[in-house]
Ligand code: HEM
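Consider the single chain below, provided in structure tokens and representing the form predicted alone.
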Amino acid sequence: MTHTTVLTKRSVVPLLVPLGVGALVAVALGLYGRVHAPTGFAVGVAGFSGPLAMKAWLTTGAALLAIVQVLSAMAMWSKAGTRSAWLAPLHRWSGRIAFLLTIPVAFHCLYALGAQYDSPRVMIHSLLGCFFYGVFTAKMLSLPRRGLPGWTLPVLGGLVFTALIGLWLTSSFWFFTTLGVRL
């Protein structure tokens, strides 16, 4: 074994715990969504015409903030650009707010509707929701770890972004194009 091979294997080992916990989160959400008897109601929708509108708008807000996340991460890690002092706080706070916007949506989806597999769109949406929270967990647990490969956070962040955009496409986009834009 070469010195490079040993370093590469050692640097991936700290990633196993975040990935394992993330996988457990995704599976636990999927199992809960599948075995829980849906209630049909989960959260109040103050200010919105109904739960679908609430979920569509909150998910849209989270998706827009996810775009801010990608752009701010690219600017922070750009080799050519100059880093501004406001970029890191913008990145952290846009991520925090985006995540908080997803909580009532996920709670409503899991508690009121459960994981559903009766139509392709809804099945993909259910699976993406579980994947989103699993990969988000893995990303958050990877942040404080040292010795990870340099690709770890960009790949996990890209997966979080991709999952969230997939969730938006299978929910908010569907809502706006099928039922119309309304509050």
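Computed from a prediction, not measured in an experiment: that's the story for all the values here. Heads up: residue numbers just count along the shown sequence, starting at 1.
FYI, the form predicted in complex with the ligand isn't displayed, but the following is about it.
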As a check of understanding, the residue in L148, V122, V27, M140 with any heavy atom within 4.5 Å of the ligand in the predicted bound form should be identified as V122
Assert contact_stretch over 124-132, 140-148, 64-72, 154-162 against the ligand in the predicted bound form, heavy atom within 4.5 Å, equals 124-132
*Spell out, yes or no, whether the shortest heavy atom distance between G114 and the ligand in the predicted bound form is within 4.5 Å.*
yes
Taking the shortest heavy atom distance, is A106 within 4.5 Å of the ligand in the predicted bound form? yes
> Looking in the predicted bound form, any heavy atom of L110 within 4.5 Å of the ligand?
Replying inline: yes
